[in-house]
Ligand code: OGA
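The chain below stands alone and is given in structure tokens; this is the form predicted alone.
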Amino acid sequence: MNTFSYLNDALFEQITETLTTRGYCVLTDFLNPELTASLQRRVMNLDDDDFKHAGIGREHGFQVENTIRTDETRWLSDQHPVDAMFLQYMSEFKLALNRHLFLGLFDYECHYAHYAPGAFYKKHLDAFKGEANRVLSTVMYFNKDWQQDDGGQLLIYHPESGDVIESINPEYGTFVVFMSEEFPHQVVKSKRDRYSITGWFRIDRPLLR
């Protein structure tokens, strides 16, 4: 399967131009369709025991806080062939972003996310305070026939006014990328099982503030 060649020049120009002018981009045809289908089968076939309750904070500061988020996650592994194809795709995407936007992206980390009925994630920023090494956040959705009434929308807020500037249904094949430090966002309570891959492009070390 040739994964990265599906991202043609016109599509990549759309991504870079939109990130430069608006700070976020929403696409419906980012991945090779075969890879999208493989990832969807992969996450749908994971058992409940494969997921862990998501938390907030990192390392020693990590804690599960059910008043803030109630989703479950599983990190992708380069030892699994489907995971490895996605990670390779995003590695190539990282190199292309660095060539065009000079972001200095160093690596990419990501996990599968499962929002069971009733799960949510309150408004937050992805870049941890004092550890501003997450530069770009990404979300890839795998939910077929998703309806507005199913909830689970990703809301993106204006960095200054706090108004909602985008409400994104977690529909199959939709890909979202945005500046991690700039855009507060939240996941509305879901009324059905909701699956995605959430990831972050990072720089080599935290920026000093």
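Start at 1 and count along the sequence shown; that's the residue number. The structure presented is a predicted model; accordingly, all values stated were derived computationally and were not measured.
The same protein also has a form predicted together with the named molecule, omitted here; what follows describes it.
Asks: Tell me whether Y115, Y121 and H124, taken together, all sit within 4.5 Å of the named molecule in the predicted complex, counting heavy atoms only.
Replies: Every residue of the spot touches the named molecule in the predicted complex.
Asks: Which one, V177, L31, L154, L39, lies within 4.5 Å of the named molecule in the predicted complex by heavy atoms?
Replies: Only one listed residue qualifies here, and that residue is L154.
Asks: To test your reading of this chain, name the stretch in 45-53, 137-145, 157-165, 31-39 whose heavy atoms come within 4.5 Å of the named molecule in the predicted complex.
Replies: Contact criterion met by 137-145 only.
Asks: How about W200: is it within 4.5 Å of the named molecule in the predicted complex, going by heavy atoms?
Replies: W200 belongs to the contact set for the named molecule.
Asks: Within 177-192, which residues have a heavy atom closer than or equal to 4.5 Å from the named molecule in the predicted complex?
Replies: The stretch 177-192, when checked against the named molecule in the predicted complex, contributes H185, V187 at the 4.5 Å heavy-atom cut-off.
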